[in-house]
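The chain below stands alone and is given in structure tokens; this is the form predicted alone.
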Amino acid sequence: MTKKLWGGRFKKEIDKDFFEFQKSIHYDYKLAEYDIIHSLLHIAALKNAGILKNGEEKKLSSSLKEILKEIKKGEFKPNFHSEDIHTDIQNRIEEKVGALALKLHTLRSRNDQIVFDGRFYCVEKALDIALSLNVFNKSLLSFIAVPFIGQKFIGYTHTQRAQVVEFVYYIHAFSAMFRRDLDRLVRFIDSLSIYVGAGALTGTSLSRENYNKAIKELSYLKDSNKINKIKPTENPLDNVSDRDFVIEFLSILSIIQMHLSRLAEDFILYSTKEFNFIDLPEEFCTGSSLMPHKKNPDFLELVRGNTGKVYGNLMSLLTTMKGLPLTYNRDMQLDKEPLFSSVEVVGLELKVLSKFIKGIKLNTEVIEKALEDETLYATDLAEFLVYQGVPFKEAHTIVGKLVRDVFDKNKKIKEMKDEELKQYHHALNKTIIQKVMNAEYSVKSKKTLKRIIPR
């Protein structure tokens, strides 16, 4: 075991099995960069308060920056025997500057560090996810930009053929979902502050001015929009006990994952032999170890399957936080693994999907054959009768009987003679049927649509 940030009150050494059970270094090392920023801010505030001399602050600051460089270069190797990342960094500083490191933790608590690190992580990762989501959405829209303008497709309700749509509107429906997700992420980032100075739960004797000055002095560490989010704590009791921001982020990630899963399910369904509307890129599919003919949509299935994990991460934290008394409780340590898990899952899915979407091909001949299904135009025919003065309920019944009869007689409406059609309504004839019951007419007759020009 390594040195701990606590222990003076205890006579006995911590049980070794319990120590392994309760330590968090194996996952919270991912917060090292943010913990360094907190320490740099804190020692600057201590200097501003006269607790640290300029030389002491510079020496501590220099050693912290050395570790920060390791992190940015990808050379940082946490000591997995430490209790947590806060202890690990404290011990590293002590190795570098000796007894001066004992002043690093003056007037602060891990409770403050933990929530500072978590908030900073959420700001950065929400921004990363937003950028990845934007790239993916652009890939989605580029996919339909030129090749499929004017391509008709089949819209479904209840997984049954419903009406004709343009393929660009079908894809744009998913794009609209992801635009809403992007808006949620932007609102989340804009609303999330990063607090410092909460102490264990009641604040510290360092003034707000000490911290505000420290924040300005360290503005070089990150781009200004992130540093500007840092501010002295407003209610430290709420600050150290709040995990709403993690729950909100996990909620947004769950909604994104839901939309990715819906897209995955559609593409899986439409790539089956039963539909055969789309052909998936081979480099994102796998074969069977037994059946030589198989081309399995494994990537899409894993996206769909990951939804359980992402939802579970949200539910696990909601359950953990239920009924916790104020303020900090060790239960809250368990917020990190669900958070890290969802961020990594969604981030990687978006990265791969941006490449995947470019390789999808439409089987237009199959789609055109499916568009010959006359039931797709039943609603258009009923609407035509409405414009001839027929009440809609009556028009609905007329067309319903017509469709039922051709099913029973194994006939096609377009093959019926004028006299047969007029038995259903005098306005019906072969010319009208040919005009109304086709994909082009069906699409053009919809006036409420906003015209989409893919880019």
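Start at 1 and count along the sequence shown; that's the residue number. What you are looking at is a predicted structure, and each value in this text was computed from that prediction instead of being measured.
Quick note: we don't show the form predicted in complex with arginine, though the next part is all about it.
I need the one stretch from 124-132, 283-291, 108-116, 67-75 whose residues put non-hydrogen atoms within 4.5 angstroms of arginine in the predicted complex.
Partner-contacting stretch among the options: 108-116.
With the partner left out here, check for me: in the predicted complex, does some heavy atom of His172 sit within 4.5 Å of arginine?
Heavy-atom contact with arginine at 4.5 Å: absent for His172.
Check Arg92 for me: does it contact arginine in the predicted complex (non-hydrogen atoms, 4.5 angstroms)?
Arg92 lies outside the contact set for arginine.
Report yes if any heavy atom of Lys336 sits within 4.5 Å of a heavy atom of arginine in the predicted complex; otherwise report no.
Flag for Lys336 set to yes.
Does arginine get within 4.5 angstroms of any non-hydrogen atom of Met332 in the predicted complex?
Output for Met332 is yes: heavy atoms within 4.5 Å of arginine.
Taking arginine in the predicted complex as the reference, which of Phe277, Tyr328, Phe299, Phe120 has a non-hydrogen atom within 4.5 Å?
For this set of options, the contacting one is Tyr328.
Judged by heavy atom distances of 4.5 Å or less, which residues of 12-42 approach arginine in the predicted complex?
The stretch 12-42, when checked against arginine in the predicted complex, contributes Ser24, Asp28 at the 4.5 Å heavy-atom cut-off.
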